[in-house]
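Let's start with one chain on its own, the form predicted on its own, as structure tokens.
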């Protein structure tokens, strides 16, 4: 027990270790609004609240038309249902309807074809994906009321999103593929952050950092060399992990049809987005590691730098508005690049450019730190900052009491 106590005390001396412990709680607890947003969208879809709906009569006989008019007039639901004539569901969606049910066939002949068209939204993606099942159940029950005998009914669902029409199965496949690609991001971020931090932490612990900085080598070259080395190794590790991940999915029978929805250019954008975020993470990890005194503390930097990449993913799931302003948020490059088949490539290009710019700014700051006294006195500087914060807290407590 004494040995364990000693090891824990050694670890807890490093502020970065404490930050590594506290950060997950802060991040996950801050995601509560995101999860409540997902739940709220699901409730809206199940209750059909605020959903403007139209039944579009296309090639139906007079008896079916009259029967549907009677059923709709008597049926009470949370949604507004209008009975319209026509066969072009897209035009009706553009007019402002959320759900359009296109009907073909005859209830009297017990043969109906129902096609559901949903006006989708990236900002309300959870609701968009939940609406087809809910609307299908409601309209199937509604149409079944028109006949005492069972009606043979075929149902197809389509989603109109960003001026493109997708089948529900197709959109689900695109989203599943995008999710897999987003999760693959962590295969490179954690190795990149860990390697970048350890390269500095090892130099500090072995007391070689002072020697390295005293050599007639430009600090810029030191920074870029270490960043490049960390990037190369982390890319190799990520390639291995992603390859194994794909093999696992394939052998499990879970098909992820990247090639059907992502063009060569889309994949290239995704690769560049990963590279830009990996570069940003490596530089940021090395910069923070300047303030650690041991390799243990440097290793704690990896989750501190990589964990925040979770936030944009959950923001996307809960309706974070897509815009060029949000494209400049760090860690958004991979999100926008995997959504390129749905929202276009412009957002991805802007986000990647912003991420590279942020990485370059971090690199400039890191080089400036290497050229200053902080490169040598980093851990002591951090301790002084912590001591000052503690004094201020004590003073504020005395003042408040």
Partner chain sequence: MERNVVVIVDRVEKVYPGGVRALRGISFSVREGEIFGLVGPNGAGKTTAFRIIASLIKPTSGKVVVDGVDVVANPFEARKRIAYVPEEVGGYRRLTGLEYLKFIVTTFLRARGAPREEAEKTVEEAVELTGLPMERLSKAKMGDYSKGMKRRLQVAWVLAVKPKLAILDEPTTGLDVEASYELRHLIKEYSKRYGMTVLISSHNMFEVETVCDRVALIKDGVIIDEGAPREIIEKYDAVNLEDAYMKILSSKKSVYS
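Positions refer to the first chain, counted from 1. Here the structure is a predicted model, which is why all the values come from computation and not from measurement.
This protein has a second form, the form predicted in complex with the partner chain, left out of what is shown; the following refers to that one.
**OP:** Would you point out which of 228 to 236, 215 to 223, 168 to 176, 266 to 274 contains residues with a non-hydrogen atom within 4.5 Å of the partner chain in the predicted bound form?
**Re:** Correct option: 215 to 223.
Subject >> 49, 346, 69, 373 - the one with a heavy atom within 4.5 Å of the partner chain in the predicted bound form >> reply: Here the answer is residue option 373.
Original post:
Of 82, 85, 95, 206, which one comes within 4.5 Å of the partner chain in the predicted bound form, counting heavy atoms only?
Top reply: By the 4.5 Å criterion, the partner-contacting residue is 206.
**OP:** Would you please decide whether residue 141 lies within 4.5 angstroms of the partner chain in the predicted bound form, comparing each non-hydrogen atom pair?
**Re:** No, residue 141 stays farther than 4.5 Å from the partner chain in the predicted bound form.
Subject >> Touches the partner chain in the predicted bound form: residue 248 (any heavy atom, 4.5 Å) >> reply: No.
Original post:
Is there a non-hydrogen atom of residue 210 within 4.5 angstroms of a non-hydrogen atom of the partner chain in the predicted bound form?
Top reply: Residue 210 belongs to the contact set for the partner chain.
Subject >> Residue contact check: residue 295 to the partner chain in the predicted bound form, 4.5 Å heavy atom >> reply: Yes.
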